[in-house]
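Presented below, as structure tokens, is a lone chain in the form predicted on its own.
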């Protein structure tokens, strides 16, 4: 754990008797609740919903974690209408009261962190450290945004005067109904954070979780309701992308949207279509093809650990995961051999168990994608290093989506596996002859989310910072070469095809994305 005792994404373990005991209690309690039904939450009321979504355990796909009510078109219409009706009162409410509600929600998340972590392990397959880290991050995101609202004093600023009788004020105001469409890989943090940002700034919210992790959204909605969010201000609509996702984007009363997911959906299907009659705020956080650069002066043990944790942590299910490594020829053989040993040492197992680093991939689609990518690599003549490139079906892993972390080498430089986001535990290593060569290759992508460098040369570090095209960058980070951002510490967001705003989440400028400026002049 880190020096504060909090489990974060740089924590190497959660090996603590108190944490072990709390996890044991929470896992037992959650196990007793598996398979139960959960209603829709629309405008502060529950209803049966249009369909039922079965959320399954990726470690054993036979096990239903929860049966969650899914929304239909009527539910969508009701939720947006309620949010629109609730907007005047919510936006007029003193910002201090909205802050207090979100701060209470953050505190409830902290109180329930082991319970929520256990649900996350069952529903998404994260290990204990990653699950607890996400729940801690969710609470910190809510609290950080509330603190930003306090620091800005509600975003009301007195301006200069052109005449002694003028009073000029800049006020940042909300837009209206805000849609939040969240992914399955961080179902609490990447749903809870934009909900909090929108609510704090006076917007009302209709949210849609991924159908792979619908229970997380139900749990979060219950927490916001318990914290005091009034009826109509927040509705939660699990359901299909076609009905709920497309319905939110097409609805004329939805004034803004936050989406986290793939480039294809975020840019081609959402960003291009959302604004029709006039521009509307569209925050799309998309994927990454994140490189790590390893130079001759690097501490290779540090670099190997950083790449291994970043590429294989959470089974590669991070948009920030290290997908490409550009290693200098002078140290390439030693680095590749070391990374291969590190990958070979990983034993995928039940994420409920203490000490497991890699569990199952989270979805059947990921399981199938992994196998397809490995086949493509073999066809291209790539070297599959060590014991990688295999699905695991033995013993307790027989009914889960278990795969072995894999290191590839010798792919052709224009191969799709070096260009497309994979979202599985595969990392491709390319040999380069210089930092210039590495930077050119690293930047040769439509993405620009995260990047890392391992070097002890100050000039190389300066050059890396100046020339790398990415929104979050790290140097000599053994805890994660390209991963591990934390609210208030490393604001997280991407350039180019990785994000639309140029403002990172969990930073000073996030709330500004949910507000528009009104200049007010009163003449005496």
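A quick note: this is a predicted structure, and the numbers were derived from the prediction, not measured. Positions refer to the first chain, counted from 1.
From this point on, the text means the form predicted in complex with a small molecule, which you will not see here.
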Taking 241, 265 and 288 as the candidate spot, are all three within 4.5 angstroms of the small molecule in the predicted bound form by heavy atoms?
yes
Out of 105, 442, 294, 190, which one falls within 4.5 Å of the small molecule in the predicted bound form, going by heavy atoms?
190
Of these, 408, 182, 217, 121, which has a heavy atom no more than 4.5 Å from the small molecule in the predicted bound form?
182
Partner proximity in the predicted bound form: residue 246 to the small molecule, non-hydrogen atom cutoff 4.5 Å
yes
Contact label in the predicted bound form: residue 203 to the small molecule, heavy atom within 4.5 Å:
no
Hey, in the predicted bound form, is residue 270 touching the small molecule, heavy atoms inside 4.5 Å?
yes
Report yes if any heavy atom of residue 423 sits within 4.5 Å of a heavy atom of the small molecule in the predicted bound form; otherwise report no.
yes
Residue stretch of 86-94, 165-173, 228-236, 255-263 approaching the small molecule in the predicted bound form, non-hydrogen atom distance within 4.5 Å:
255-263
